[in-house]
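Only one chain is given next, in structure tokens, and it is the form predicted alone.
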Amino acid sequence: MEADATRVVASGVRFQRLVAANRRTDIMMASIGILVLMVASALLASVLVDLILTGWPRLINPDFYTNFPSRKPEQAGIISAMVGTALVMLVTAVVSVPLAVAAGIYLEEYAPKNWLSDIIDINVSNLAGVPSIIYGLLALGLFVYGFGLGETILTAGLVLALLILPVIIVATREAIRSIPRDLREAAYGLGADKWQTVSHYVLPAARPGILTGTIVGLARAIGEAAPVITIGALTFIAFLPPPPVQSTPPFVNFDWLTSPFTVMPIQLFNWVSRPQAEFHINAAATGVVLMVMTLAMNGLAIYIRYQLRKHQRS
């Protein structure tokens, strides 16, 4: 009896030591994570502050946002780069989001679980880490020379759509995978078929994760310069593409898809490569605007996710 009691006490002591050791490990790993986060945030903040201080004279000048690029740095602006970025991102979103979400739904809900699905999973995950310049070379050979689309907004939107397709597919699959199996079984129990279950129950529950992954993917695409440089984007453009919407019937204009373009990362690269210090001020101001746009998109993703999850809990 005493031996049994001794073993129970010893076992309890070992359990307490194990719990204490695991607690120390958790605290150590959490501390390391917080330290890494603080260092990364401090580096980002220092870069942003340096850019703001350098580009402040241009940031507070309204002409900087309404003027075209110029050989005179004090008269140069980013209107063509901002409009080009907006139109390219419009094409990217229209092409990538439906395809990626549909692919994620198929792979997670409909695709049979066999060796072919495993190969597709591996390839999708690997494509998410492929350098962006590879997509630019692919677009140069396929869209520019193969299909004859030229160095246009449509080509740029397509190459950036290819770039973020794997990111959105992975985010869609992870969001769908996080939905409990009980929700599907409850829908089947009510008489719903496969598509009704996916469209009416699974997708609404996975929508916060899908939207977050989509906006994060678009935020990555907005700052990419290598693919659009590869397909021949202009570094100096002093005109705007035709507007997508017009006042005369049919009110929608698609001529802008075949227009030459530039985007903000290329405009920034062009000014940084100039020897004059005044152009470097313009480049710093452009970098601030680009970072603000990227942070705004990431902030929008966080806000949308919070609101949708709050709505689901209520």
Partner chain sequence: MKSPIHFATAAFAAAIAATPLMAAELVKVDGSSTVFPVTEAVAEEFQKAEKGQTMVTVGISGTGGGFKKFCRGETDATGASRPIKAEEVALCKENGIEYIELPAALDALTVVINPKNDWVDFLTVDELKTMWEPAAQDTIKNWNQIRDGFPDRPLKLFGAGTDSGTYDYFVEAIIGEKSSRGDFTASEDDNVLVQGVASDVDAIGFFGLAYYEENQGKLKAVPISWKGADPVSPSVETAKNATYQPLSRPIFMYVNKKSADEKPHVVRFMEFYLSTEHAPELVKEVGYVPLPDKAYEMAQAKLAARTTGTVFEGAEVGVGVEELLARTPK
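What you see is a predicted model, and the numbers here were worked out from it, not measured in a lab. Residue numbers count along the first chain shown, from 1.
Separately, the form predicted in complex with its partner chain exists; it is not shown, and the next lines address it.
In the predicted complex, do P62, V167 and M264 all reach within 4.5 Å of its partner chain through at least one heavy atom apiece?
Result no, not one residue of the spot touches its partner chain.
State the residue from E174, E151, D121, E109 whose non-hydrogen atoms include one within 4.5 Å of its partner chain in the predicted complex.
In short, E151.
Considering non-hydrogen atoms and a 4.5 Å limit, which listed residue (I229, A128, A192, L183) is close to its partner chain in the predicted complex?
Looking at I229, A128, A192, L183 one by one, just I229 meets the 4.5 Å heavy-atom criterion.
Taking the partner as it appears in the predicted complex, which of 174-182, 110-118, 70-78, 156-164 has residues with heavy atoms within 4.5 Å of its partner chain?
It is 70-78 that comes within 4.5 Å of the partner.
Spell out, yes or no, whether the shortest heavy atom distance between V272 and its partner chain in the predicted complex is within 4.5 Å.
Within the cut-off, so yes.
Can you tell me if T235 lies within 4.5 angstroms of its partner chain in the predicted complex, counting non-hydrogen atoms only?
Yes, T235 is a contact residue.
Is there a non-hydrogen atom of L90 within 4.5 angstroms of a non-hydrogen atom of its partner chain in the predicted complex?
It does: once its partner chain is placed as it appears in the predicted complex, L90 has a heavy atom within 4.5 Å of it.
Residue-level contact is defined here as any heavy atom of the residue lying within 4.5 Å of its partner chain in the predicted complex; does V198 satisfy this criterion?
V198 lies outside the contact set for its partner chain.
Output the sequence-ordered list of residues from 110-146 with at least one heavy atom within 4.5 Å of its partner chain in the predicted complex.
The one in contact is Y145.
I want to verify one pair: V91 and L300. Are their C-alpha atoms nearer or more distant in the predicted complex compared with the form I supplied, knowing the change is 3 Å or more?
It is closer: the C-alpha separation of V91 and L300 falls by at least 3 Å in the predicted complex.
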